[in-house]
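Take a look at this one chain, the form predicted alone, written out in structure tokens.
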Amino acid sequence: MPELPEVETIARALAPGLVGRVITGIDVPDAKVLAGPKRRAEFAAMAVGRTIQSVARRAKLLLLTLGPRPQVPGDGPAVLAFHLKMTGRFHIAPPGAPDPDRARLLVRLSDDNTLVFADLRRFGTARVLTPEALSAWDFYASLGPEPWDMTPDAFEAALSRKSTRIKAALLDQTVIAGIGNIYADESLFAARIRPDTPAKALTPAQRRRLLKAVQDVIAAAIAAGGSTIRDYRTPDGVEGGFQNHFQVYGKSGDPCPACTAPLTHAKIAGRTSTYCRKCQK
């Protein structure tokens, strides 16, 4: 599943081709993608005529902020929110390009380009909401702070209340937003903390070190364009590059890059976690 660095990379790549364009049409080849409104005509009516004002990310969501519809008196702004789930991809198609077979949602633009949302496994979703409805959406409202918005004191307080293991706490989107399996493993290794350590058992120094590791790992992954394990591509069709810098993720049995002892793995919070028994105490 695309995590924070991948969705941030997508948002930054799409913005120059979307901001300032007016949505002139919405085509929905696969209605399963619609999370609200769920009817094609109603969904399109909520979006068509609006100008895309910004492209941003919150946690693992891609958010297009849309201006009011000129054809609707007294209309307010809206947000087009996408959740990529496992295999969602975006690209901007030029005029005349055939619609891809796996396209789930097509956003027609005033420059005659098309924003294409394709999704092989069909788990991804799209919804159009008012800003108020977005804030009231249970999933959105439950999200924890972004890694850079999380203060050391708030991180310590959040972990001190968690009886789960620290790997599970990092994957909990209500604690800190946007982290998935890849970046949890990499951050825990950078902080030299075992993934099965109870979150509330960490010392204040360990919690501060872990928050710094999360921030550094996420920043490095964004700079590298995210990580491609199988499906992820940028809107330009390019693979991410951070997988070339993994220290532990997916490397069980390989020598630890710090001490050369064999890396091991365990199942934590339903996910495979790779770590070094020697370095991560």
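Residues carry their position along the shown sequence, with the first being 1. Given the structure is predicted, the values throughout are model-derived calculations rather than measurements.
Another form, the form predicted together with the DNA, is not on view; read the next lines as being about it.
Contact with the DNA in the predicted bound form, judged as any non-hydrogen atom within 4.5 angstroms, is confined among 161 to 169, 128 to 136, 190 to 198, 110 to 118 to 161 to 169.
Contact between residue 50 and the DNA in the predicted bound form is not found at the 4.5 Å heavy atom cutoff. For the chain shown alone, residue 264 is not a contact residue for the DNA in the predicted bound form, no non-hydrogen atom being within 4.5 angstroms. In the predicted bound form, at least one heavy atom of residue 271 sits within 4.5 Å of the DNA. A residue is said to contact a partner when one of its heavy atoms sits within 4.5 Å of a partner heavy atom; residue 32 meets this definition for the DNA in the predicted bound form.
Residues of 196 to 232 placing a heavy atom within 4.5 Å of the DNA in the predicted bound form: 230 alone.
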